[in-house]
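Presented as structure tokens, the chain that follows is alone, the form predicted on its own.
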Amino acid sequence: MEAVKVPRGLAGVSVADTRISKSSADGSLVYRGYPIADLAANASFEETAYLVLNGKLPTRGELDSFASGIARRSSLDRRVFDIMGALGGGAHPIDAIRTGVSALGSIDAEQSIQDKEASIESKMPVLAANCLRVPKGEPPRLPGKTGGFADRLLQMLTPREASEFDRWVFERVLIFYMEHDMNASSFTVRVVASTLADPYAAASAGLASLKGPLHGGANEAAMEMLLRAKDPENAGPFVEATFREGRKLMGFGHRVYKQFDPRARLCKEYLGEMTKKRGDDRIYRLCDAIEREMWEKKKIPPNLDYYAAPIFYLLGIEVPLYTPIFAASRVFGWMAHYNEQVEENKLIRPDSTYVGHAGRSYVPIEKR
């Protein structure tokens, strides 16, 4: 069969049928048919995770069983922490989490695929919260006995006592990070799943794809950019200087969304309310000013990472933990993609167009 030439980066190319989620250029995003704004306004993280994994909203009994199962499985074998600790304080947080998940592949006693997936989903927040601490030799922070998924993760990420509203906002951001159709990490997971490797291998591969600044690392880069910009009054000169130096403004642009990212629009509202409650809206005004400058000059809207980053910052979470938070949530989307791929599997093995040398003959080393 003759190979079909497609755009670089597979832009605009559909590589699979999916029932999980869909983002569209008009600024819409649905999980299993439910608009993201509807879920953000009404659903808990656990409800949304159940929906993404199972294709339907849970009954009360199903939700209670699902949530208690996550809490019950969240305990980590001490050997996983020991392996992460052996990496040393210079380890990249994503490397530490990826190493932990790989270790689970050998240490976990789970037998069924479903139980393996549940174990990864339940333990990823603990790995994410400790990926900085444990390699530095600090004792791990373990999940509390009360609260939902988002509350327990936030308690491990920061010692600050969060308000009810702040906890609600954090849960919304986790919901937004949970799933986003055929993104780089989910596609990576599906490629590994297509080989029929186990969920640990697929999740490890998904984590590896988050290490670059163009996918998971963008929220950290966006916050570092905002910290450099400092003041709202400096937005114009900062944007101009960034362009002049040939650098990118992190947190802007998306392969799908060209007018607005619905997740960013909601997060902007949450950030505004958070700063209002704190009596200091400088970071909101800074974000808004840079957003307006970027739209005026480039017509490029902000994405989720741009407004999630300052929310995490106001919650007192260390910047290097922003991408691990992404992983703690996105793992549910990854496992949904793993299952969907395996259900109707065909090994993902694309072709390529060779553009290298041809007709060469070997020359002995003595004659080169």
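Please read all numbers here as calculations on a predicted model, not as lab measurements. The first residue of the sequence shown is number 1, and the count goes up from there.
The following text describes the form predicted in complex with ligand COA, which does not appear among the structures shown.
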item: Exercise: Ile300 in contact with ligand COA in the model of the complex, heavy atom 4.5 Å; value: yes
item: Heavy atom of Leu157 within 4.5 Å of ligand COA in the model of the complex; value: no
item: Partner proximity in the model of the complex: Pro125 to ligand COA, non-hydrogen atom cutoff 4.5 Å; value: no
item: Contact flag, Met294 vs ligand COA in the model of the complex, heavy atom cut 4.5 Å; value: yes
item: Ligand COA in the model of the complex: contacting segment from 77-85, 184-192, 253-261, 229-237, heavy atom within 4.5 Å; value: 253-261
item: Option touching ligand COA, based on a heavy atom within 4.5 Å in the model of the complex, out of Val101, Ile290, Val134, Ala218; value: Ala218
item: Answer option from Gly147, Gly105, Pro213, Pro140, heavy atom within 4.5 Å of ligand COA in the model of the complex; value: Pro213
